[in-house]
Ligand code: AMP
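Single chain ahead, by itself, as structure tokens, in the form predicted alone.
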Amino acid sequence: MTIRIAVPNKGRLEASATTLLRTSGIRFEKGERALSVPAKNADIEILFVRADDVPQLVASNVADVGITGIDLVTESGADVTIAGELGFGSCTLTAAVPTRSDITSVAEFAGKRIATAHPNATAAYFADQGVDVTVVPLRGAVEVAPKLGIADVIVDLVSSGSTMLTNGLRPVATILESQAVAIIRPDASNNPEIQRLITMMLSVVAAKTMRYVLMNAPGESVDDIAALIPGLDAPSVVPLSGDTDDVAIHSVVRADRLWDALPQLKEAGASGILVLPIQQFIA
């Protein structure tokens, strides 16, 4: 069975999605105009498509796995399952008003025209809030819609917020938080080949948050060090050769713990502390 993966062919998710596949162990060569390429080391075909087409391609069985944004999955309404968050492409779908506006709450959007490239997600959000609005679908230049008189306010994707500020807009509410995700059809959750691919991809994502830490330490310090970096179950402790009671200690540590942990390890007697990145990690 050939597994087809649909990935964005351009835009904010394209480079990170391609890197994720390669780091997961899939070897392939992509030409500038390639629409699909086979993997060199697995029965996998990679389809390069528009990011907003990915959910429907997966739902309609054209692709088995897709990489796209949560915002596009929500917008499409496609019958797909999110198999895992991928840790890149983070942004928010944000409702914003011109800085001169007096609007400070979602309720005050009532009766307003809202320009957005996400009309379905926007309409659903305001319906859930019980706020009656007119949604104006717009594919480009959403930020300038109020200046052009196309709409009163906007709903658009925001990463840093600098584009909104440049265009004289002020955020009021978050419609949804988005990032890149891997998606599959609901009936594919028990397919072992698809699940193997998902596992490989998510192992790369998990590895980004972890570090492999090695050090030497006196034998009497092992308990103190193990309490600082317990690892998955317990750190690995290996006696050093020669006439010494010192040991080598290996452990997997969350990257965000290192700022506090490294000085504490030194105080506990560790030396020769080495921190290494991890390429893939499965708990």
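Residue indices: 1-based, along the sequence shown. Remember, predicted model here, so these are calculated numbers, not experimental data.
From this point on, the text means the form predicted together with the ligand, which you will not see here.
Student: Taking the ligand as it sits in the model of the complex, is D71 in contact with it (heavy atom to heavy atom, 4.5 Å or less)?
Tutor: Yes, D71 is a contact residue.
Student: Would you classify L13 as touching the ligand in the model of the complex, given a 4.5 Å non-hydrogen atom cut-off?
Tutor: Although the ligand is absent here, L13 would touch it in the model of the complex, with heavy atoms inside 4.5 Å.
Student: Would you check, heavy atoms only and a 4.5 Å threshold, whether A63 touches the ligand in the model of the complex?
Tutor: Result no; A63 lies far from the ligand in the model of the complex.
Student: Indicate whether the ligand has at least one heavy atom within 4.5 Å of a heavy atom of V158 in the model of the complex.
Tutor: V158: yes, in contact with the ligand in the model of the complex.
Student: So the ligand isn't shown here. In the model of the complex, which residue out of M215, I225, A51, I46 has a non-hydrogen atom within 4.5 Å of it?
Tutor: Answer to the contact question: A51.
Student: Please tell me which of S90, S101, T174, Q129 lies within 4.5 Å of the ligand in the model of the complex, judged by heavy atoms.
Tutor: After the contact test, the surviving option is S90.
Student: From the candidate stretches 246 to 254, 34 to 42, 63 to 71, 225 to 233, select the single one in contact with the ligand in the model of the complex, where contact means a heavy atom within 4.5 Å.
Tutor: Contact-bearing stretch, as computed: 63 to 71.
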